[in-house]
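This document opens with one chain alone, in structure tokens, the form predicted on its own.
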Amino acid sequence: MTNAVEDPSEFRERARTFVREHLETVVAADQVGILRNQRSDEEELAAVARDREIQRLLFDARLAGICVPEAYGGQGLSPAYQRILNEELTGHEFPERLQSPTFAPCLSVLLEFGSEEQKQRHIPAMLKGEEIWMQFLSEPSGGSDVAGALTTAVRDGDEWILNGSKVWTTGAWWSDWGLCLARTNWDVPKHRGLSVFMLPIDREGVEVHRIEMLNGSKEFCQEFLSDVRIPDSDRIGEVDDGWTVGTRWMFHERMGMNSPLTTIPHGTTHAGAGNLSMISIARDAGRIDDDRAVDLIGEAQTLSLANQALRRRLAEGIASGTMSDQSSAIGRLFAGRTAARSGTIGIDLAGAGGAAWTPDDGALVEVGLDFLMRQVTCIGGGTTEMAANVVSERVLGMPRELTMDRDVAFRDVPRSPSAS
């Protein structure tokens, strides 16, 4: 029997057996918080190595790339099978660091725009855990204006020379490859002069600097590209048509955990304290029977359930064609604001314990830092403000926001001295 006709019940039993035999159970409290600085560098590298190991185990068990075509090492099955695997993974470890952005959006972009040689070279390596990919997208001077990229790519025969800087790349210091948006033409409006490249992060000329956040986390990085040579064979899509790739790239980024290419235990959230922790916070703050605390816990639970239902609805609607792919911005907008609200609920429950704590304060530890970091969930993966724009203009059909640089050659667009 081939994977394509495997009965769902048989697939579920096979997935359940694999999970029980090969994966450790996890404590919900271990996944609470926003980019908490809980590991040393050595521990983080060990966790990355374990993620790679789990991914290889999944691959060998025919449980990696459930919706990836068999020609590239996947299983060629429908999203229903991915949902089954996600359900069976609930409460267990999984290769978290490979899901975003390696599988969504990077693998998604390769599937859609990569050459056959690029797909054959990289997608099986991703599915085996041999390549972890990052997005070289945001820039220090660009804010949310991705199309305003200043990183340049200049052609030199069969190579391109890249210069510039990218920023807010989570985990770049332990990753392998980057998907990079660069400017290849300054004489056309900004959206028409971009191209997309892929490059190994250890390539000569790539310098990775880690950024320390207010809670001590150093997972965010800034990359400096100095005369980095990339073969033209590592260009994705056509020259100067990078915005065509970029719009789909950002769609896949907004899909995130909703993507059928990601393996995510059912109910997992990557930002904000979970509902189980809300109960723990109220208990350790001595407020478990407080009426106001009960209301807050109920709100958090309601937001979580609504978020999960919305994710399923969007995934099904986009996959079936009954909803525009731009509707993914609805999920991005709701998830970001929900996660930020959860950070506020957490500190409301913690009270004074959210401002000052000791290591013995249980669930109250670092709730205050989570509150201060809550806006990360509205920035990473594309800002919620940009998602709101997409919803208004591309989903609801409202008039486009007025811009003054739409038909202006990019080199003639005024920029501050620091951005030049």
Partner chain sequence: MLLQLDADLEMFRDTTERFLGEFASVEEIRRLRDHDAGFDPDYWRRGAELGWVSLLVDEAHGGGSVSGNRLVDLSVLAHEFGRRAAPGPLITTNIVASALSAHDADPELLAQLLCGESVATWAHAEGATPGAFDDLTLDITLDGQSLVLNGQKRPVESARVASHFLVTGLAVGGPSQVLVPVDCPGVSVTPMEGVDLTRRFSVVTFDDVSVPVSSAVGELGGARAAIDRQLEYALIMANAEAVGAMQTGFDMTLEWALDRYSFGRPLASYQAIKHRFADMATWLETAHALSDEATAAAGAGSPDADELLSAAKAFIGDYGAELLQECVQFHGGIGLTFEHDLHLSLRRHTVDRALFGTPADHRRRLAEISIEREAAS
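Note that the structure is a prediction, hence the values are computed from the model and not measured. Residue numbers count along the first chain shown, from 1.
Although it is not shown, the form predicted together with its partner chain is what the next lines describe.
Partner contacts here mean any heavy atom within 4.5 Å of its partner chain in the model of the complex, and among 78 to 86, 288 to 296, 245 to 253, 123 to 131 they occur only in 288 to 296. Taken together, 113, 136 and 184 are entirely out of contact with its partner chain in the model of the complex: none brings a heavy atom within 4.5 Å. Contact between residue 93 and its partner chain in the model of the complex is not found at the 4.5 Å heavy atom cutoff. Though the partner is left out of this view, residue 8 does not reach within 4.5 Å of its partner chain in the model of the complex, counting heavy atoms only. Contact annotation: residue 401 falls within 4.5 Å of its partner chain in the model of the complex, judged by heavy atom distances. Using a 4.5 Å cutoff between non-hydrogen atoms, residue 192 does not count as a contact of its partner chain in the model of the complex. The contact residue chosen from 141, 326, 118, 152 relative to its partner chain in the model of the complex is 141, the criterion being a non-hydrogen atom within 4.5 angstroms. Residues are counted as partner-facing when one of their heavy atoms sits within 4.5 Å of its partner chain in the model of the complex; in 157 to 178 only 168 qualifies.
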